[in-house]
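We begin with a single chain expressed as structure tokens, specifically the form predicted alone.
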């Protein structure tokens, strides 16, 4: 199969890129390992930042973003994102995103942590979901081709130029190839390294980043993992920052407030971590907001608390903990969204576009995927036709790896190894990191990677073999985990989401 632009990933970033490429005249195929409406974008609840009204200014938005990034963002990139924010909201509004409205019919905005003004445009607490569904509907109106349930195996790169990708068709177990003039990776982040200590879906295993890394792409800022302050204690299900933006209070076991709830996420998460280190349990209290407000503005939060924690936030505070939520590191890209590999673009959480630095400002993730998604799609659509010299060699290599995996008998359980890795990451490569702890993590990764011949799959069928897909994700997660822990060990400076407890 061949196309002009191949987009891998169908969340908000991938859909924005696909739409922009299609509207630029390119043929586009979007490939995703699940389905578009299951993408991580639907987990972004609080809002999407843009300066629209009142005393707020784009200069304030830029300043808040740079401050949150702790000096590690590029001002030009941040300026591009923030200046394009009002147009991004206008475009989303025009294609049908159902934003919440004020009494005078203006798009409603709320203040999120780290923001000097209320600038997060929202749709109750379903903002990401409603943006995602609207983008998907619009992409279908443009007759963009979707290939679902395809797992990215490898990128096809020849002489430093990306010319397509190889996929596993999960439905039938066959290898499929799609060649293209350019490839846009929009495969999401790697927070699921932390497994049940993460707010993310199972799909956030860093597949695109791992594939790009193997192909020779440069990565950047991999040690910066943002922990969201308010995940439900038992399940790590996210309770949106909008709950704190509306006046929710963080309390310890003594019912004492111990932090300004609207500080940036890294500072709030650290404050919670320090309280928990003292033996305190932590709670998010929104009981004082009242039933009418909660049911109108925070309906999903109440449903999630009841379903996963068995607690009604109308009646009592919610037990919470920080959980891995967003990864600031990823594939290094420049202003065009092109990586260090020619014709390979990356956008969204799999990319490092110099706008989040050491700590992402709440409300900027949805903005980034729309603004930079459109930039990536437009630039990808402008690449001329290329030629592929030896496709069969790439297919043979992938097929040989799969045959080897199916042939060996598993002597160790990779699911157990994956959970141990997650526990180690949460404890030793989490909110506070130390040299010896990080070395312990790296030693474990080396031990597992050195004994991969002992790990394998029990299910040898071809059709819908989730055991096989889980194993492929496991190998990718080991690769990503090593880059994260290595970067954390090398960085002896506490900054933002990376805090060293020993230097």
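Residue numbers count along the first chain shown, from 1. Note that the rigid core is defined as the largest set of C-alphas that superpose within 1.5 Å between two forms. Since we're looking at a predicted model, the values are computed, not measured.
The same protein also has a form predicted in complex with a small molecule, omitted here; what follows describes it.
- Using a 4.5 angstroms threshold between heavy atoms, residue 373 stays clear of the small molecule in the predicted bound form.
- A residue is said to contact a partner when one of its heavy atoms sits within 4.5 Å of a partner heavy atom; residue 243 fails this definition for the small molecule in the predicted bound form, lying far away.
- Though the partner is left out of this view, residue 68 does not reach within 4.5 Å of the small molecule in the predicted bound form, counting heavy atoms only.
- Contact annotation for residue 82: none of its heavy atoms lies within 4.5 Å of the small molecule in the predicted bound form.
- Although the partner is absent from the chain shown here, 13, 238 and 360 each have a heavy atom within 4.5 Å of the small molecule in the predicted bound form.
- Contact with the small molecule, judged by heavy atoms within 4.5 Å in the predicted bound form, is confined among 454 to 462, 24 to 32, 433 to 441, 54 to 62 to 24 to 32.
- The partner is absent here; in the predicted bound form, the one residue of 200, 269, 221, 124 having a heavy atom within 4.5 Å of the small molecule is 200.
- When the small molecule is considered in the predicted bound form, only one residue from 150, 163, 302, 111 comes within 4.5 Å through any heavy atom, namely 150.
- Once the rigid core is used as the reference frame, the Cα position of residue 242 differs between the shown form and the other one by 2 Å or more.
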